[in-house]
Structures are given as C-alpha cells and as structure tokens.
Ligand code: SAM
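In the form predicted on its own, a lone chain appears below as structure tokens.
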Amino acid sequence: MELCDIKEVGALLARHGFTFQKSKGQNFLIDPRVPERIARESGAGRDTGVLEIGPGVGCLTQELCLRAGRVVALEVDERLVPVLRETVGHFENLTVLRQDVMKADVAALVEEYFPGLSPAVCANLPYNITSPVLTKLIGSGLFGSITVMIQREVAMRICARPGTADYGAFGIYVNFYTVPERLFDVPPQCFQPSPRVTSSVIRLTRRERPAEKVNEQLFFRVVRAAFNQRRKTLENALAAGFSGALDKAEAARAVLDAGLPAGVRGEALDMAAFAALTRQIERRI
C-alpha cells in the first residue's frame, strides 16, 4: 500500500472509521518524497534505535523500519493502532505502543527496546506539543540526534541568532544542549488535511557537553528573567525576575561586571554573555 496516496489512505481510514481530530494535531503526509527524506536526514542505520512520536498511518514509520535496527512508535490515538497494524505491522523491527510521549518513561523505553543500539528520535511532531516534547527529549540526555518536522515558526525560533525577533528562551535552551540545523521546509499542500502553516524539518545533534560550563539551573533562571520582559533593559528584567534576591542596583552592577553595556536588553546576549552574567549573579545571591 502506498501510504502517501490520498485515495488509498482515504479508503483505509474510512474502512477503520477514522476521522481527523484537530485537537490531536493530525495532518498526514501525502507527498512520498517527504518521509523518505526525513528518514534519510535522520541518519538512522542498523545500529540505531529510533523513537517515533505520532506515527499516524505509518508513512515515516516504514521508511525508518527500512533503515533502523529498531523502531518504537508511540501513538496516543487508539483508533490508529489497528490502522498501523495493517500498514506497517509486517515489519519485525517495529513496536507500536499506545502511549502519550509526555507521560512515557523514555529512559525505560530506551533501556528495554534499544539495548546495544544508538538511540535517536525521528518524528513528525504534532504542532500543539512541540516545545514540551522537545524539552523532555533533550532533557533526557538519551538521544544522539532528534530529527523532527515542526512548524516553521518554531524552527526559526530554535535557529535564531541574538538580536533578532525570533531569538528567545526556548531557542537558547535547545542550543545549550544541542546543535540545531534547519534542513528543509515542507509546504501545506504536502499534507491531508492541509495545515495553515509551513513546516520545517530540523535536526538537533546532542552536544558532548553543554555549550557553557555554568550553574545550569541559575543560567536558565537568568534567561527566563531576561525574556519574560524582553522590552525592558536587562537590569530591570533581572530585578523583576529575582525580586527579593537582587535589587536594581545589584542587577545593574552584575550586568557591568559581566562586561555588558548599561541599558542592554536580554535579546542582544549570546549564550556566552548569559553565562558570564549568570556567574556574576551567582556571586551575589
């Protein structure tokens, strides 16, 4: 069965009584070149164990099964489990689990299903859970690479440079632990139903060590404070974010001692500057 053929897939879904649900972010690929390229760009090989999230009807799943040593696909929609059994159930290196990735114990999954393999993630992520899913996967520290299709707007934020409108706290978090690459865009007409936005495929390669040697919890508290009120000067944003622990005068001195100009805004700082600022604040609190 051609899993990107709209007529074949339509008949398949009708046979199973399936209807799309917006709440689950269900948009299935109908251009076969896209899942093939996503799987290829993931670098999955026979020494790789791939975690897929939201396999849908299995168009990306089958491409991954043809390449990887093992594929575990997490599908939260119970209506799609019998569909997947029909479309990709013949692959011996595939396990389909009806699980919500946000509730799943990914460390236990990796230990159980990927012994002796290099764990990776490859998925077409539902747009409505992109940030929390990526935060969880990156935070686990388990995956050498994470190759996902997401909304282009989010991909641009992840890859944004300091001083740009897209630059923010989430992008800094991703870059702190991984090296992101925006690989290619996928237009709405490649999906059924067509979303209202363009998608992008990105690959996040885990860093051997975080980008900066710093108190990580405090670092991200500083970053969040800077971007929670991004139009304010950095000293004002820090005084608000560290209320009770750091007053405006102390925040201003920390900014200057970090080698930053007075009146600078957080959106202008790269990770090294945020790390220098974190060290100055750590001395004060």
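Sequential numbering from 1, following the sequence displayed. Remember, it's a predicted structure, so these values are computed and weren't measured experimentally.
Although it is not shown, the form predicted in complex with this ligand is what the next lines describe.
Proximity to this ligand in the model of the complex, defined as a heavy atom within 4.5 Å, singles out one entry of V96, V106, V76, A160, which is V76.
Checked against this ligand in the model of the complex, the residues L134, V101, V201, I172 give one hit for a heavy atom within 4.5 Å, which is V101.
Proximity of F28 to this ligand in the model of the complex: non-hydrogen atoms within 4.5 Å are present. Among residues of the shown chain, G54 is one whose heavy atoms approach this ligand to within 4.5 Å in the model of the complex. Residue contact with this ligand in the model of the complex: I129 places a heavy atom within 4.5 Å of it.
This ligand in the model of the complex comes within 4.5 Å of a heavy atom belonging to N124. Stretch-level contact analysis of 67-75, 208-216, 177-185, 111-119 against this ligand in the model of the complex, using heavy atoms and a 4.5 Å limit, identifies 67-75.
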